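Shown here is one chain on its own, the form predicted alone, set out as structure tokens.
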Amino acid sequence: MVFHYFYMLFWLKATINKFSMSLKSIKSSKTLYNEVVNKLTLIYNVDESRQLARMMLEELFLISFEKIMIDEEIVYSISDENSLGEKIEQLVHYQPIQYVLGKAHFYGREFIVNSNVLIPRQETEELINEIIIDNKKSGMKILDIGSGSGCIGITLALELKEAHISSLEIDKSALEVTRENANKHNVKLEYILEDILILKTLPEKYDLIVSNPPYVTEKEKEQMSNNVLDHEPHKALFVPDEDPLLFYKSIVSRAKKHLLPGGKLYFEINEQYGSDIIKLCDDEGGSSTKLVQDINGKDRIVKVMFD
């Protein structure tokens, strides 16, 4: 009787496995890659299409481009095929690949992203570099204003010894992405759901305040791609044409009251307003103010000390 029971289990398992395999298909990876590229070239140029296809196949089928080049076979299910089709459709409608895949790479790490937060960019990695080079002190208290995905605060927590990071964000959904990424990277943060434009007093004093605030003017929209305009959160991108320094003025006025002696403020900026932001910081009593250019030679970072 026991033997019969185990035989039935074995037969059932074998039958299920056989049925599952019948729902799977085998395809040349080169063929699948070229099919994806051809669909994407309806919207993107050839180089972009190839890059997007590589990223998609690596994510969905865990196959490297090296294996595609030797035409390793891909085993995939109907579910895999449907998922690939959905993601291609999203890309054809200009949705950024980072949102399609739900992740972006920043400073050598992977971060969760969705349409509630900006996609981390190279310029912000350069901001991180400036902070790391300048600050070697252990146990710094740091405030990240406008945390979004949390890529700035979390990276600083991982790169600076025993840093204590507070993440301030106006949007509850964005702050939840910060929290998810903190958990992903096993980093402890303090979360502050507030609007820096109306917040009178910061919770405490800090050694360092950093912000990549909205800085793209409305008139610059016409120069931007559909990927950004149609999908990334506008409130994290744009400021009124008549008040392009809106966030900088608010942050500077609070920073000078809430930085510890010798404390530093770091900004990522719109390249058009470097000298204006320098003047703003100087007028508010900042010292050792410095404008830093990015790798493309554009004014991108302002750093200032408040005594």
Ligand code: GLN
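From a predicted model like this one, the values you see are computed outputs, not experimental measurements. One rule holds for the numbers: they count along the sequence shown, beginning at 1.
The form predicted in complex with this ligand exists for this protein as well; it is not shown, and the discussion that follows is about that form.
Though this ligand is absent from this view, in the model of the complex it lies within 4.5 Å of a heavy atom of just one residue from Leu202, Ala236, Leu189, Leu160, which is Ala236. Residue in contact with this ligand in the model of the complex (any heavy atom within 4.5 Å), chosen from Tyr99, Tyr107, Tyr206, Tyr215: Tyr215. Per the 4.5 Å heavy atom criterion, this ligand in the model of the complex is contacted by stretch 215-223, the sole one of 129-137, 194-202, 215-223, 178-186. In the model of the complex, this ligand sits within 4.5 Å of a heavy atom belonging to Leu118. Residue Glu268 is the sole member of 267-293 found to place a heavy atom within 4.5 Å of this ligand in the model of the complex.
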